[in-house]
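Presented as structure tokens, the chain that follows is alone, the form predicted on its own.
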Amino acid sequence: MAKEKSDKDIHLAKDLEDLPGIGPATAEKLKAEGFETIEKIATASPHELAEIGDISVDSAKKAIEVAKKSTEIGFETGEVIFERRKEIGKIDTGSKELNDLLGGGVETQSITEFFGKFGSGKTQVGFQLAVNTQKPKEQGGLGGKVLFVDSEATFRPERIKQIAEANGMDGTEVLKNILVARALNSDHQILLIDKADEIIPKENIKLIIVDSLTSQFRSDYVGRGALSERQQKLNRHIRTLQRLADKFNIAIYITNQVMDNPGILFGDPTTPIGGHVLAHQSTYRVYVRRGKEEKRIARLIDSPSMPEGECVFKVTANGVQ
């Protein structure tokens, strides 16, 4: 147990170990979860910090209080944010209409969610993005590798190879640049994303795909009694994804399952899983449904910068077009 430091001993903390209740072992746990700086501790919630660091909530509150005094947390001009957003990249989806709907493609520092019924094309868009991310920027890519978290056993290397070769790329090389992990349950899925912090800089990861985000949570937490715990864990999971997107300037693409809402008597009863937790955290939220033959209809439900709208794209043997 780390020795408590009094306010008299600490004026301004420079390192995590300078915070009250945070010893070397606790600091390592926090750093492994993405809390590497005093600024991140200052903006953390006490309960989240206590759970990750295996310390009491009171100790977490004291650490956060000292962290807030030790860092400058305030406002910055819109111009500064505008300059920072110039670093954002866009990944070509394969469809000009779908790119336009999203403001130029799937962007970095954001979470793009596609939800819809089975066979609507969510996974196929993910496959196309996994290929296109590896292209150079001038060709609509980011020149990097991909992390693919598969929770529904949907990853198909032969399909990826087919799309890559249709794009004039070496299918085998494309597959080498996609790191795939099968999520066995929701806790395993959370762990995979938590560990991504170590993999991203080492492997030059530019896109994380989670297909699907909610499948394992839906399976592990059944009934209204488990709903609160499920939403809390889901909230932390999606926040970790956003933290990775911001920290490394990468794109996050997630697919989501749906259910039919019996309370909707008129119109489309299709409702995405995850409730308000997921709705508020997703930067771009797209409802996709099957049309005639190869056609898919995508509707942008929510975006901070783009108006609601619809477009039609195709899922063909050669990929998204």
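As the structure is a prediction and not an experimental result, all values here were calculated from the model. Residue numbers run from 1 along the displayed sequence.
Just so it is clear, the following notes concern the form predicted together with a small molecule, a form of the same protein that is not shown.
None of 112-120, 174-182, 190-198, 99-107 except one has non-hydrogen atoms within 4.5 angstroms of the small molecule in the model of the complex; the exception is 112-120. Judged against the small molecule in the model of the complex with a 4.5 angstroms heavy atom cut-off, the residues I88, R239 and N249 are out of contact without exception. In the model of the complex, the small molecule lies within 4.5 Å of some heavy atom of R290.
Residue contact with the small molecule in the model of the complex: Q216 places no heavy atom within 4.5 Å of it. The shortest heavy atom separation between N235 and the small molecule in the model of the complex exceeds 4.5 Å.
Heavy atoms of Q124 reach within 4.5 Å of the small molecule in the model of the complex, making it an interface residue.
Between the options R285, K62, K40, R296, the residue in contact with the small molecule in the model of the complex by a heavy atom within 4.5 angstroms is R296.
Residue in contact with the small molecule in the model of the complex (any heavy atom within 4.5 Å), chosen from N204, Q231, Q162, T71: Q162.
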